[in-house]
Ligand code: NAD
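What follows is one chain in structure tokens, specifically the form predicted alone.
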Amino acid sequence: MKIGFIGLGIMGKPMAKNLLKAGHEIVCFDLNKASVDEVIAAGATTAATSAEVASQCPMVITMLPNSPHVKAAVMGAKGVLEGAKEGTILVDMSSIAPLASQEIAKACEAKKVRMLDAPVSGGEPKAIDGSLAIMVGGDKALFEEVYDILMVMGGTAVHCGPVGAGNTTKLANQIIVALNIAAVSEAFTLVKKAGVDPHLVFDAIKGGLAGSTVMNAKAPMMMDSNFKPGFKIDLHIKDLSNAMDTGHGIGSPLPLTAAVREMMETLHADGFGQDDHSALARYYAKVSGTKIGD
């Protein structure tokens, strides 16, 4: 299938490459020329605008940082809706506010473009190996129509409800991940400050109830002081801000989310916003005077 791909960042670039490996044609667009060139080298072609991408492709995937970027790429000047034909499928795989997904879906409906919101979880490693968890909102028949394409990029793809449900599910995911990372940071800082080897503690508890995908992925990074981003602090701040805005709008308090977001805001202010979210360990090092890693 000929698929447009708009947004070739840390996640979008390997996702587009996996589609190419599966035999799909890709027409890509991104403002970062180096990213575009890398995907072209893997076999894609490019277009000058999002509208030109949509004019060539029956399906368009967007993978962009936040709600304003998706709105601009889809609804703005030279956006997807300017070039899309009736029946075009738009799959927005960005992590944005659920209300923004619904607003974009209404604009798509007016142009007879079919839309799903399908944010992902798993970070860069799972984007590279094609095992992302994909959370989808929109028409179930449309979900089933594109399921095989989604599964080129994902290990799972679950239909969660109407448009916006995908991003609501992603917000829940991001809350759980953020709080989990904070808990791992707090616990392992305690361990290190008490003079116990964090590596031994990790081996002792990872098979028990405290064990989790988050701990297995992030504790080794903390112990190695390796904060090379798979998912950046600044992006997680964005997700938690969207979660809090959504929670406030529907009357769902998020006190733990607020606390962890403020920790991340502190790291951003200290110049660590581009670090991996496992750098929450830096926050605990700051307040305790003890680093988990050597």
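Every value quoted in this text rests on a predicted model; they were computed, and no experiment measured them. Residue indices: 1-based, along the sequence shown.
One more form of this protein should be noted, the form predicted together with the ligand, which is absent from this view; the next part is about it.
Please determine, with the chain shown alone, which of 53-61, 248-256, 29-37, 262-270 has non-hydrogen atoms within 4.5 Å of the ligand in the predicted complex. That would be 29-37.
is_contact(K228, the ligand) in the predicted complex, heavy atom dist at most 4.5 Å: K228: no contact with the ligand in the predicted complex.
Hey, in the predicted complex, is P65 touching the ligand, heavy atoms inside 4.5 Å? Taking the distances in the predicted complex, the answer for P65 is yes, it comes within 4.5 Å of the ligand.
Taking 4.5 angstroms as the cut-off for heavy atoms, does L8 touch the ligand in the predicted complex? Judged by the heavy-atom cut-off of 4.5 Å, L8 is in contact with the ligand in the predicted complex.
G130: touches the ligand in the predicted complex, heavy atom cutoff 4.5 angstroms: Although the ligand is absent here, G130 would stay clear of it in the predicted complex, with no heavy atoms inside 4.5 Å.
Tell me, which of G164, G83, G123, P198 has a heavy atom within 4.5 angstroms of the ligand in the predicted complex? Result of the distance check: G123.
Just to confirm, with a 4.5 Å cut-off on non-hydrogen atoms, which of A73, V91, I134, A219 contacts the ligand in the predicted complex? So the residue touching the ligand in the predicted complex, by this definition, is A73.
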